[in-house]
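Next up: just one chain, as structure tokens, the form predicted on its own.
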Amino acid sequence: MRMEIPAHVAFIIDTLEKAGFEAYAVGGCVRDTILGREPGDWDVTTSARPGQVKRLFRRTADTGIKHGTVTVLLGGDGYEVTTYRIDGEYEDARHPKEVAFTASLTEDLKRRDFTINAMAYSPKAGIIDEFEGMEDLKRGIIRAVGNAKERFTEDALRMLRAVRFSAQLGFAVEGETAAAVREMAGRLSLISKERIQAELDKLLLSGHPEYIRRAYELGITAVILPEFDRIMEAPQRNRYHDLSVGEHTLKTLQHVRADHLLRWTMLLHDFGKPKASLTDPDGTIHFHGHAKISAELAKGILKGLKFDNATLEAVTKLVYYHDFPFPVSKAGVRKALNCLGEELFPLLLEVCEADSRGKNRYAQETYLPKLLAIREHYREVREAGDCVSLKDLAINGRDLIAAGMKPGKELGDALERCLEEVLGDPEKNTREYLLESALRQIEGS
């Protein structure tokens, strides 16, 4: 089979071969090209040692020299070129303590995680497939190279990567590989939170975010996200739901676009329901106040996974307001815009729609028309240019000081009360009215 490879990759392989070395494109780029997908990056493996690679190319960077990796810089791009190697003992369930270089491509491919990632290609030799990766691509399975327990002992993160690849490719996890995950999932507690975050993010942004169910079934979430197990085991019995909390959550993930903030919001939006659950004598289950509890849990989870502050704050806010606790009116939309900000408010509408579509037919018939009304109010508010924040207010602190008010909390409170009036009635956003209103407030206090 002949593959189309980028000119720079072909140049690297050709340069190494002309110098007497073996060289192949390897790993995910080979897999994705066979599947007709666009590879994210291209890696090369070679029999040349790092020093030999550096002498053959004009511009290089020592990005992983200890483990045999040199980045070859061509144009504005970098390509990792790694010497064939055998990994030594793994000391932290993630990285080998040391590596030994080898002249054998087969030995190098043996250390890789899954068969579909253990294929190599060069224009001269074609595809090298020592572990039936092509067959596994045809069968649609994720299977560990060699002994699954050994692969997961070397690098525990591979267990979560198995589910992530299954979600990205729509594949199943092969039986023996899945059994090894169930047995060894506890080792994921040894992996850094940053690595867990990165894999979960890729899973959620995949074409099958609902495959996080597989992480639950394999015992992975019990270790890295136990709150998810709780919602998978939490029933919902009321007029709006015909699914458990967890199954509802999985459905909402399928109804929202692949956006970082949106997918994380839908995953976390009902995590507070198990704690808020109250059952009536007739068996109806209520979840009063669950949005606030979910927001608190979301903040802790995102912080624990080492997310950046911007993501933490945005997702927490979207989770808190996902039930849209505002009047379905233009005044309600203005208040919501003030609470969330103009960037997050459109995302909240997407969250509300996904949440509604994850409910039963009665709930959809109840909430989706309201959401259409909210969208129409939002359009009208935007077109009118209504004031939705202090920066749009017709007066500011300097105006109140000029009118005789002293700087301090009283001044800030007066501006907030003015804004509250304007959110209810944008016609009041005039300098004259607001100055008079602010002074009236001070005199009456």
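This is a predicted model, so every value here is computed, not measured. Residue positions are given as counts along the sequence shown, with the first one as 1.
If you look for the form predicted together with a small molecule, you will not find it shown, but the lines that follow are about it.
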property: Listed residue (R112, K359, H290, R143) with a non-hydrogen atom within 4.5 angstroms of the small molecule in the predicted complex; result: R112
property: The unique member of D229, D155, E174, E132 whose heavy atoms fall within 4.5 Å of the small molecule in the predicted complex; result: D155
property: Contact at G27, D41 and K202 by the small molecule in the predicted complex, all three, heavy atom at most 4.5 Å; result: yes
property: Interface stretch in the predicted complex with the small molecule - options 229 to 237, 368 to 376, 164 to 172, 67 to 75, non-hydrogen atom within 4.5 Å; result: 164 to 172
property: Exercise: R195 in contact with the small molecule in the predicted complex, heavy atom 4.5 Å; result: yes
property: is_contact(S206, the small molecule) in the predicted complex, heavy atom dist at most 4.5 Å; result: no
property: N117: touches the small molecule in the predicted complex, heavy atom cutoff 4.5 angstroms; result: yes
property: Non-hydrogen atom contact D399 with the small molecule in the predicted complex at 4.5 angstroms; result: no
